[in-house]
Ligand code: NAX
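Given as structure tokens, the chain that follows is alone and in the form predicted alone.
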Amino acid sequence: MSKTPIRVAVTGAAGQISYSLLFRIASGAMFGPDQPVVLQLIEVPFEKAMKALEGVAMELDDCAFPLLKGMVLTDDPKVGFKDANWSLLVGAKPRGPGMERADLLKDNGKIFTAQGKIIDEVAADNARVAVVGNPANTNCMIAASQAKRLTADRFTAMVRLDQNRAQAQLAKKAGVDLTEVANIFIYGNHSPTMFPAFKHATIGGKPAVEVIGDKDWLRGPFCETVGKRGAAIIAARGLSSAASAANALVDHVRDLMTPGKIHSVAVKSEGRYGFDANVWAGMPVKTTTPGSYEVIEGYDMCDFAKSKLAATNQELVEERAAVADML
């Protein structure tokens, strides 16, 4: 007997990230090679955006993916999120020239306030939400604050792109295959303040600090490269990260659906690792059952790590204060 299709709602469905994302979902990369899906594609109510979305849907049809069992194209979130098992909140207002971060927070806050309410009202009973649109941690917090039916643990924000970037940088520095690097976790905000906790990482089963043997590089250029990678990509190609962000979202959801996986996810901190109890912060989790996880606690932090966690926590607290009237 074939499996019941998973309904996947995606916002910003005609955008850059989604153009790299939707075909991978439909191919089985996110939920597995035997799991059918229905894509519920949501765009803003403008003719140009909906026309572009029609073109994306045509291409999905033309790929003839056996797992793709249907599509919904809409500019109405109540239609798009209806009965969704997973809601992938990719769309967000980008930061424009001269725009202050506080203004961006408030503008996006309005979007995620509305989406959080609607998801809580109409999504499936087992609904999960993954937030990609920046500032992802705080947008996730805002969406979760609107929910009465769905609990806070159903809302996660993506820091997997930072984890993937950190893993790649460690592998390059050590001159080893990417698969040799393990246990590199991201703490805090998805922003330049995030902290890739290199002390707990291993390379070929040995402590990364010992293998690399350059503490100054780890504390300086490594952290800076991972934290500012997005800006470097914009400077190089004139556009923000799209394919790598889509790939990270595939990793984020796939690992949250795979029991036993250990990975970095931004979740409600509940005070763990010294974070404010009410912010969403990146930290290591272990998937328990499909869609559910437990935070891995007990990793020791040196003074350097504690200072980095304090800095990223401060930024998250400031972001929460900026949108306090929306919570």
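Sequential numbering from 1, following the sequence displayed. Owing to the predicted nature of the structure, the values given are computational and were not obtained by experimental measurement.
Just so you know, the form predicted in complex with this ligand exists too; it's not on screen, but the next bit is about it.
A.B. asks: Using a 4.5 Å heavy atom cut-off, indicate which stretch of 240-248, 146-154, 193-201, 168-176 touches this ligand in the model of the complex.
C.D. replies: Of the options given, it is 240-248.
A.B. asks: Under a 4.5 angstroms heavy atom criterion, identify the one residue in Gly227, Gly91, Gly80, Gly109 near this ligand in the model of the complex.
C.D. replies: It is Gly91.
A.B. asks: Tell me, out of Met141, Ala84, Val132, Val129, which residue has a non-hydrogen atom within 4.5 angstroms of this ligand in the model of the complex.
C.D. replies: If I apply the 4.5 Å criterion carefully, the residue I get is Val132.
A.B. asks: Using heavy atoms and a 4.5 Å limit, would one call Leu309 a contact residue for this ligand in the model of the complex?
C.D. replies: Taking the distances in the model of the complex, the answer for Leu309 is no, it never comes within 4.5 Å of this ligand.
A.B. asks: So in the model of the complex, does any heavy atom of Gln16 sit within 4.5 Å of this ligand?
C.D. replies: Because a heavy atom of Gln16 falls inside 4.5 Å of this ligand in the model of the complex, the answer is yes.
A.B. asks: Heavy atoms within 4.5 Å of this ligand in the model of the complex: does Met158 have any?
C.D. replies: Heavy-atom contact with this ligand at 4.5 Å: present for Met158.
A.B. asks: Hey, in the model of the complex, does Ile184 get a heavy atom within 4.5 angstroms of this ligand?
C.D. replies: Judged by the heavy-atom cut-off of 4.5 Å, Ile184 is well away from this ligand in the model of the complex.
A.B. asks: Could you list the residues in 29-44 that come within 4.5 Å of this ligand in the model of the complex, counting only heavy atoms and keeping sequence order?
C.D. replies: In sequence order, Ile42, Glu43, Val44 come within 4.5 Å of the partner.
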